[in-house]
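One chain comes next, on its own, written out as structure tokens in the form predicted on its own.
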């Protein structure tokens, strides 16, 4: 499984989305399931999946799937 696939699965799991739902264009609070509580679950799922600790500024700035991928790059995870 690629890093991109792992990130997609983390999003689907944390946001309780169907396995076939596209997530690459998701944005914070644009989807009914991505609210502030789900955001914290998502951050925890990403941290667990990639064995990283995301700092507070990055948690706040994680406003989309694309931004999550970019942020992971700061922690040495190459999501392509």
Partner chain sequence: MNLLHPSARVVDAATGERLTPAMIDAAAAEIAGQPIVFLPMPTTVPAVARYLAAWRLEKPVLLLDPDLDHRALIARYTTGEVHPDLALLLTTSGSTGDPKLVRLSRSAMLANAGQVAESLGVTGDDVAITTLPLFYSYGLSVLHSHLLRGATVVLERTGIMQKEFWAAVGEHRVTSLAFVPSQYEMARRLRFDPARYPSVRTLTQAGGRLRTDLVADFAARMDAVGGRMFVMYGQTEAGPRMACLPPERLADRLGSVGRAMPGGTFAIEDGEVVYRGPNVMMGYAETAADLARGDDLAGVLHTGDLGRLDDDGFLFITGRLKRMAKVFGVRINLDDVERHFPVAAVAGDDRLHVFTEDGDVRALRSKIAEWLGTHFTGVDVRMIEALPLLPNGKTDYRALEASL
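Residue numbers count along the first chain shown, from 1. None of these values were measured; they are calculated from a predicted model.
If you look for the form predicted together with its partner chain, you will not find it shown, but the lines that follow are about it.
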query: Partner proximity in the predicted complex: residue 33 to its partner chain, non-hydrogen atom cutoff 4.5 Å; finding: yes
query: Residue 28 within 4.5 Å of its partner chain in the predicted complex, heavy atoms; finding: yes
query: is_contact(residue 60, its partner chain) in the predicted complex, heavy atom dist at most 4.5 Å; finding: yes
query: Residue 49 within 4.5 Å of its partner chain in the predicted complex, heavy atoms; finding: no
query: Site check 7, 10 and 64: each within 4.5 Å of its partner chain in the predicted complex by heavy atom; finding: no
query: Sequence-ordered list of residues in 1-35 near its partner chain in the predicted complex, where near means a heavy atom within 4.5 Å; finding: 14, 15, 16, 17, 18, 28, 29, 33, 35
